[in-house]
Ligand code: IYR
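Okay, so here's just one chain, in structure tokens, the form predicted alone.
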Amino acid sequence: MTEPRHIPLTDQRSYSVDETVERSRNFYQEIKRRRTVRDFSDQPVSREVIENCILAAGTAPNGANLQPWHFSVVENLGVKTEIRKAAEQEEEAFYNGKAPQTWLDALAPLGTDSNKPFLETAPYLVVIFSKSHEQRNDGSTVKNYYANESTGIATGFLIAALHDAGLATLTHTPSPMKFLNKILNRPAHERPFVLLVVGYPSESAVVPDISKKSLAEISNFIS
């Protein structure tokens, strides 16, 4: 067995107690401005921004450093139209019989329905795939560990990076999403994890009047 190779940790930054508190407070104030947007502008976005944000997502912690994700970035209008048609077909089934009433009731305050024009309007769709294993050139496979958990963390990094760059996002998860493998020519062992809509909000964009749970509702501290 090969001995693991380690290198010194040189990039970690330390701050004073006051600065640490201030940085944490500032990050919270910034990230809480992030809202899921459904009204997108067709204003172009530099591809370099998307590339940098995906590179940031690729730094996420993951099982055994196997990095079990793939990001398919769609700019082509024809492909976006194809994705919209397939997604709306699944959403029609969801809203008209497939979803239990309790789920529809939970969605009601958000005002969502099966119509998804943002899939064509936004300049980018980023489809994130979770890979159960890697396929080697010789036909053998290597199992990926904690693939879904790792991909979820990377997706969070990506959303935060895009927000930090001044872009809006929407996480879209029509079910099932296997049509994305076919449209984007991705292998069967890659599972569509989320379809991320990326761009600038339209000038007339509105968002639901909702709030987030308090610290006491989402955490507890054991001293």
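We number the residues from 1 along the sequence you see. Not measured: the values here are computed from a predicted model.
Another form exists, predicted together with this ligand; not displayed. Remarks below refer to it.
Complete contact of Y95, W103 and L110 with this ligand in the model of the complex (any heavy atom, 4.5 Å): Yes, the whole candidate spot contacts this ligand.
Contact between N52 and this ligand in the model of the complex at 4.5 Å, heavy atoms? N52: no, not in contact with this ligand in the model of the complex.
Could you confirm whether T173 comes within 4.5 Å of this ligand in the model of the complex, counting heavy atoms only? Yes, T173 is a contact residue.
Is there a non-hydrogen atom of R191 within 4.5 angstroms of a non-hydrogen atom of this ligand in the model of the complex? Looking in the model of the complex, residue contacts with this ligand do not include R191, since no heavy atom lies within 4.5 Å.
Contact of R186 with this ligand in the model of the complex (heavy atom, 4.5 Å): No - in the model of the complex, heavy atoms of R186 and this ligand never come within 4.5 Å of each other.
Tell me which stretch of 111 to 119, 70 to 78, 129 to 137, 143 to 151 has a heavy atom within 4.5 angstroms of this ligand in the model of the complex. Contact-bearing stretch, as computed: 111 to 119.
Even though the chain is shown alone, can you say which residues of 66 to 93 have a heavy atom within 4.5 Å of this ligand in the model of the complex? The one in contact is E91.
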